[in-house]
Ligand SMILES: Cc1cc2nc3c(=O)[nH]c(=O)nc-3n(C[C@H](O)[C@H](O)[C@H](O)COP(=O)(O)OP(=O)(O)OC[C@H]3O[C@@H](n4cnc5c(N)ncnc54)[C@H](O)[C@@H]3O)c2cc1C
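The chain below stands alone and is given as structure tokens, in the form predicted alone.
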């Protein structure tokens, strides 16, 4: 699509998946034209660092990973604040909201997801209700929380936890409302949920389970005044943070033959059913050969690895995606790690748990056919490297080794 003999690669989404792909493409093909399209106003920044920005301990500008100059130096055409409005896979052309068109030899869709919003009576037009995904979200919430007197968070996800911790870090009275019976109810068992609840209450967070936001009230000038739960409890607050999961961003593929379920369906090489079209990151619903089933991964490291693998295959290789995903986070005054495959992907995995409240250590291991597939850790997470090595080995784990890995 470029000059005679050169290729054009178009990437939709300039997060870690898309930007990692651009970097690999440039190294693999010095002569290619690379077009990177993102709808945010910033080049690649570290989303993992956003909770620290929310706490006020990291400056927003310190999250930027790739400058605009980096893109210029590497001849990556960066189009920010730009939305893709159409893709013609027959002609291999991408159209944006500015009317520009880009032909491609290979296309990567790495659009991620959009946070689900609070949609309850009274929420439309009420100020003070926020998702937490982007750098702009974070700066907006930070401005608000510094003036806040009371906050509510909703959701049983990591995002909901990060909001809860951030609000409490600023000394704001915070109530955490979780629809399920515990935090991460598909990953943690009752012991794990009880321990997280203990950690939350120890720092002054009030927790409410098996309830949700049923409505909100506002002041006469449209500012949030309170939330009303589905069970009828009213909580005064001027800030509501939502961690309610993501809706995958697949709108740009409307009208194309690319197969989409919850995400964009790919094989183990991150290829879609349409030649020349690939997907990477959160939005990719890829065939995971470690479980012989389709899977989606929402971690930063997995998205970066996805981008690199997709780019390698766009260059003509046949590289299979194989990765042990991991996510680490603070957990109020403790820490947490989630490693490998979780029950959200394979619900019938065998699970074994140990909790030592005195030492503040929780471990839950997940097995598929006698092989270690995943783990959830709270407290001392130094064992995560050994667990990742065991997961990668794909070998049977003896009962004695299980007990050793569970030792708390």
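A quick note: this is a predicted structure, and the numbers were derived from the prediction, not measured. Positions refer to the first chain, counted from 1.
In what follows, reference is made to the form predicted together with the named molecule, a form of this protein that is not presented.
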* Asked: With a 4.5 Å heavy atom cut-off, would you call residue 48 a contact of the named molecule in the model of the complex?
  -> yes
* Asked: Is residue 132 close enough to touch the named molecule in the model of the complex, meaning at least one heavy atom pair within 4.5 Å?
  -> yes
* To do: Mark residue 312 yes when one of its heavy atoms lies within 4.5 Å of a heavy atom of the named molecule in the model of the complex, and no otherwise.
  => no
* With the partner left out of view, is residue 249 within 4.5 angstroms of the named molecule in the model of the complex by any non-hydrogen atom? -> yes
* Answer range among 320-328, 271-279, 203-211, 119-127 for contact with the named molecule, defined in the model of the complex as heavy atoms within 4.5 Å -> 320-328
* Position in contact with the named molecule when the complex is considered in the model of the complex, options 188, 196, 237, 303, heavy atoms within 4.5 Å -> 303
* Heavy atom within 4.5 Å of the named molecule in the model of the complex: which of 334, 295, 299, 74? -> 299
* Asked: Though the partner is not shown here, which residues of 88-124 have a heavy atom within 4.5 Å of the named molecule in the model of the complex?
  -> 110, 111, 112, 113
